[in-house]
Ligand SMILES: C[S@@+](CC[C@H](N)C(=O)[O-])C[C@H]1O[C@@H](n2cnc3c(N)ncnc32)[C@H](O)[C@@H]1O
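Quick setup: one chain, the form predicted on its own, written in structure tokens, and binding and motion questions come after.
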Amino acid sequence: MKEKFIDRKDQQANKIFERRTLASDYRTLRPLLKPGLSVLDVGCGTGTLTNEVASHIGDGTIIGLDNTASFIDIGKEHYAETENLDLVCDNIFNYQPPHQFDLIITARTMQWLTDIPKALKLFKSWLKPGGQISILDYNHTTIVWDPAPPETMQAFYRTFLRWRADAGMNNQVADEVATLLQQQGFESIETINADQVYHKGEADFETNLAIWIKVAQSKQMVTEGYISDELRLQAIADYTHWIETEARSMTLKMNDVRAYV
């Protein structure tokens, strides 16, 4: 689903997907899941959350859609025994759904699209009358670290946001998608805070904060002239040390934005 994704095919991404659960990574979704629903998960990755959704909809069905073939292949192998789950490799803008859905969910995917209105228009056509959409995503501009990370990582992060913006991606999609949904004619729009907060001492604290190390390990912004390789490598070193010694918390600002057709 991501039109431009740093290290999208890195094996580390598989590990990130496999650690995700509804309780920790899409905790607002569970109340929407009911037996018999027809669901589409847009940007499903390897299908870890998609498979968990399948367990909550009884005799309902769910399709997971992602444009990375290796992730879909992994998911098909891991979840082959889930009878009400189908994983499909395709691009959002090429996909032809087999039917309309009661519910479309998409987590951490809209942030990578360069034409969100076009995607929302498609989603609206894919929903049954009265169908619902749930969009979980970030506002990257409001991330909170405690204490502030090293200036080298802050400089890298500012460059990362500029690189994304120049590519046409929305760094504030979590706070702007409600307006975009309204413009496409969706109704009963609701925004629910879904911040992810990581505190020192919790399981996977260092792993969760290290997401920015994985981002910085890509040389894409160096190749495209946005940042020097020296600064990139220094940001990794300084931030790694900060995580090990000073870091107390990180808050990723997120919203679950819901609407009906």
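These numbers come from a predicted model, not from an experiment. Start at 1 with the first residue shown and count on from there.
Heads up, the form predicted together with this ligand isn't pictured, but that's what we're talking about next.
Visitor: Hey, of 108 to 116, 187 to 195, 143 to 151, 165 to 173, which bit sits against this ligand in the predicted bound form at 4.5 Å between non-hydrogen atoms?
Guide: Heavy-atom contact with the partner occurs in 108 to 116.
Visitor: Classify residue 86 as contacting or not contacting this ligand in the predicted bound form by the rule of any non-hydrogen atom within 4.5 angstroms, answering yes or no.
Guide: Contact check for residue 86: no, nothing within 4.5 Å of this ligand in the predicted bound form.
Visitor: Within 4.5 Å, heavy atoms only: does residue 44 come near this ligand in the predicted bound form?
Guide: It does: once this ligand is placed as it appears in the predicted bound form, residue 44 has a heavy atom within 4.5 Å of it.
Visitor: Just to confirm, residue 177 within 4.5 Å of this ligand in the predicted bound form by heavy atoms?
Guide: Answer no; every heavy atom of residue 177 is more than 4.5 Å from this ligand in the predicted bound form.
Visitor: Test of understanding: in the predicted bound form, would residue 68 fall inside 4.5 Å of this ligand by heavy atoms?
Guide: Yes, residue 68 is a contact residue.
Visitor: Can you pick the one in 236, 63, 49, 37 that has a heavy atom within 4.5 Å of this ligand in the predicted bound form?
Guide: When this ligand is considered in the predicted bound form, the option within 4.5 Å is 49.
Visitor: Counting only heavy atoms, which residues in 80 to 95 are within 4.5 Å of this ligand in the predicted bound form?
Guide: Result: 90, 91, 92, 93.
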